[in-house]
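Single chain ahead, written as C-alpha cells, the form predicted on its own.
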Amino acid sequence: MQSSLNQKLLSSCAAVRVVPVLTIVDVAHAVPLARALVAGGLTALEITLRTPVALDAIRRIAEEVEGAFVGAGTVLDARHGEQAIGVGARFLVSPGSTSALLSAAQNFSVPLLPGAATASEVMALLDHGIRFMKFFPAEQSGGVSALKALAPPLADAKFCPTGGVSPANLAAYLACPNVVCVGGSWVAPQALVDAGDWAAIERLALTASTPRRS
C-alpha cells in the first residue's frame, strides 16, 4: 500500500517542484502563512514537528486553507505519523528511515517520504517499494553532484533534495533528471513571518514557483 501512496505523492510533488519546509512557532501565523504560499503557487506545505504548536498548525491549515496540500515533517516514528494523520496531514516526511517506521508506514493512510543520503540507504528504500525519497541533508551530502552520480546506477529512485537548497542553486537541483521537487525554507524567512509580511512571502513563493511554469 505504501509504495502506491508514495508514487501518488511523487505525482503531486512533480506538479509544484518546490515544497516549503516550515517550522511554525506561533500558531496564529499558520493560516495566513499558508494562504500566502498557496497564493504564490506553492501548494504542498511541509510543517515540521519541531514545535509544540506544529500539530495545531497542521490542523488549522487543513481545515481553513483552500488549495493547501499540507504534510508533516520530522516524522521519526509511528506515533508522530499517527498524530499528524489524525490532525489532517496528507503526507509525511522523515529525515531518514528505520525498519520500524517503514513497517508502520504500511498501515498509514497517507504517503511517507523517507530520507536517504547514501547509495545503500537508497537501495534499502527501493527494496521496500519506495521510489520517491528525500535526499537529506542535500548540500552536506554532495548536492547536485551526488544526485547526478546516483542517477545512472539507481535510475528508479527519485528525490526531493532538502537542506541547503536556495535560490542560488534551485535551478541546478531542478535540472537533475532524478529530482522531482526540492524542499526549502527560504520562501518563508522567519523575519517576514514574525512581521506578518504575507505579501512579501507571496512574492517569494511566486518567484520560487516560476521554474515549474517555464
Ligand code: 3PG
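Numbers follow the displayed sequence, beginning with 1. Predicted model, so just to flag it, every value in this text is computed and none were measured.
Although not depicted, the form predicted in complex with the ligand is the subject of the following passage.
Comment: the ligand is not present in this chain, but in the model of the complex one of T43, S185, T51, N169 has a heavy atom within 4.5 Å of it, namely S185. The shortest heavy atom separation between F91 and the ligand in the model of the complex exceeds 4.5 Å. In the model of the complex, none of the heavy atoms of L192 sits within 4.5 Å of a heavy atom of the ligand. The ligand in the model of the complex comes within 4.5 Å of no heavy atom belonging to V16. In the model of the complex, at least one heavy atom of F136 sits within 4.5 Å of the ligand. With the partner left out here, the ligand still marks one of 142-150, 62-70, 173-181, 159-167 in the model of the complex; by a 4.5 Å heavy atom cut-off that stretch is 159-167. Along 6-30, a single residue, V21, places a heavy atom within 4.5 Å of the ligand in the model of the complex.
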